[in-house]
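In the form predicted on its own, a lone chain appears below as structure tokens.
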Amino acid sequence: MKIIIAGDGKMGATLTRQLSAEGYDLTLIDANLMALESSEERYDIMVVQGNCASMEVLEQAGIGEADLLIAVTGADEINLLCCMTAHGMNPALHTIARVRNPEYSDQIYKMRDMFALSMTVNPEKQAAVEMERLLKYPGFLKRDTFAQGRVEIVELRISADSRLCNVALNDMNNIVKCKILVCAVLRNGTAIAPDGNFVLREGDRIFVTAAARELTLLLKNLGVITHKVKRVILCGGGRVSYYLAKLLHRSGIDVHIIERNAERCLQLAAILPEADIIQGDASSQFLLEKEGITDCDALVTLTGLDELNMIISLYGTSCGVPQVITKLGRMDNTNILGNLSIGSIISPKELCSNTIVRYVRAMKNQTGAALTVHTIADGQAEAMEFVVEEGTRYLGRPLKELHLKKNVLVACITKGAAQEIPNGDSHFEQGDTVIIVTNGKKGIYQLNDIFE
């Protein structure tokens, strides 16, 4: 399958890394020759320098033989023009455009066919939705949903005073008293597929599969005290802050936004009359204390600098803020990040890239493709949801009789409205949905790919 990526910025680089690892035929377009040379040297791809909205450049990139164009340059307008031009040159082409400006939201939806868009993505809006979910359900570092929201994989950190510290997985049920499955553990930056004898230690980050209705019980039995978030401080007044403030206002949550730029503060005050806008430096200890950081329910750091976000989050944690969320543009140093007390980490480009990769996989496998794909354990594992179809092997056979590939775990089976955390006697039938967790090193594109 031939894919053209227009734009070699952070988003383009993330997509190139993920899609080249899966063996797709990639061509990368960008005006920056140095960026292209770096990508060409790192990955086995073709590169074309030039304006991606130009017919000449698109023709040079082989648009006539391409199956998919992904436009992720820094300008929404260029992305839209690129998709329109490319589709005009190849009507069979699938197109994906990144469109981030909130002003374009309605017209993109209404004029989707005119722009010739198969899909649009908005990293900042996607990040805001993810953050709102975390704020509504405090206690977890991360939450990924499956089975239309009925099943989740949640991330928890084992602290020294946790009831699970120094406990073997075989003994967990006596503490949590609900049906869960630990599908992965991150220890010292390395993902582990644990067995029942695995003992949890301080600092471990565990990824737990559970029915959504069990999550409240899980937190209660672990002694994790959660309360409804009523007051949130957002550091940084960019697009993520705008989208998140709108979502939080609908939930009746009091929002305070700290932004350095005076002009941007006036813009935010006009479009977010329900929020308190404070002009100032979000890294100022005096300002944070003046705005009541010790009394807020949550702190979300959303400036354009990863390092600044991390420092403010560390300070928020030291002040005892119950919930901290940190936005990061780069996720390269996951080993370092895992040991820092910066709360939940959200990367807009990683979320967006995962959405696009899921679309690409669905294109490759018109039938049997994963319904949902989430990256967990700092990108070292994937959780995927599949529908059990007529051609799926081993229908009705107990899991203990099946020969699964190494590092593949069946984490949950959904039968109608019922969710089952499987054991050796569990089985799946046509129409069920199955969630599997894999280390991602072997391509799993259909459910039958999990078998030896």
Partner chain sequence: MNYKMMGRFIGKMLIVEAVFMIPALLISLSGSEYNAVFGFGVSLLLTLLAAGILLLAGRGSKKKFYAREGLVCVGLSWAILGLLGALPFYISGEIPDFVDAFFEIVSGFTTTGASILTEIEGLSKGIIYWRSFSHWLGGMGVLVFLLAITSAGGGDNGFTMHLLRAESPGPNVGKLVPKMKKTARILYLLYIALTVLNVIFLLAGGMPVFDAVCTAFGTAGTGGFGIKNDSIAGYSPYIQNVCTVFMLLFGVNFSCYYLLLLKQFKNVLRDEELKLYLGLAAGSILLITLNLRGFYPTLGETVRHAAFQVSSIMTTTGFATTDFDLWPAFSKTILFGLMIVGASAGSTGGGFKCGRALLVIKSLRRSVRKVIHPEKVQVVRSNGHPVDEKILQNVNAYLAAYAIITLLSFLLISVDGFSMMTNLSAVVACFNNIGPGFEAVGPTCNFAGFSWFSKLVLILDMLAGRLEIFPILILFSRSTWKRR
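Residue numbers count along the first chain shown, from 1. None of these values were measured; they are calculated from a predicted model.
In what follows, reference is made to the form predicted together with its partner chain, a form of this protein that is not presented.
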Should residue 432 be classed as touching its partner chain in the model of the complex when contacts are defined as heavy atoms within 4.5 Å? no
Indicate whether its partner chain has at least one heavy atom within 4.5 Å of a heavy atom of residue 43 in the model of the complex. yes
Would residue 20 count as a contact of its partner chain in the model of the complex, using a 4.5 angstroms cut-off between non-hydrogen atoms? yes
Any of the heavy atoms of residue 37 lying within 4.5 Å of its partner chain in the model of the complex? yes
Listed range touching its partner chain, judged in the model of the complex by heavy atoms within 4.5 Å, from 411-419, 395-403, 380-388, 45-53: 45-53
Would you say all of 24, 27 and 33 touch its partner chain in the model of the complex, counting a heavy atom within 4.5 Å as a touch? yes
Output the sequence-ordered list of residues from 263-302 with at least one heavy atom within 4.5 Å of its partner chain in the model of the complex. none
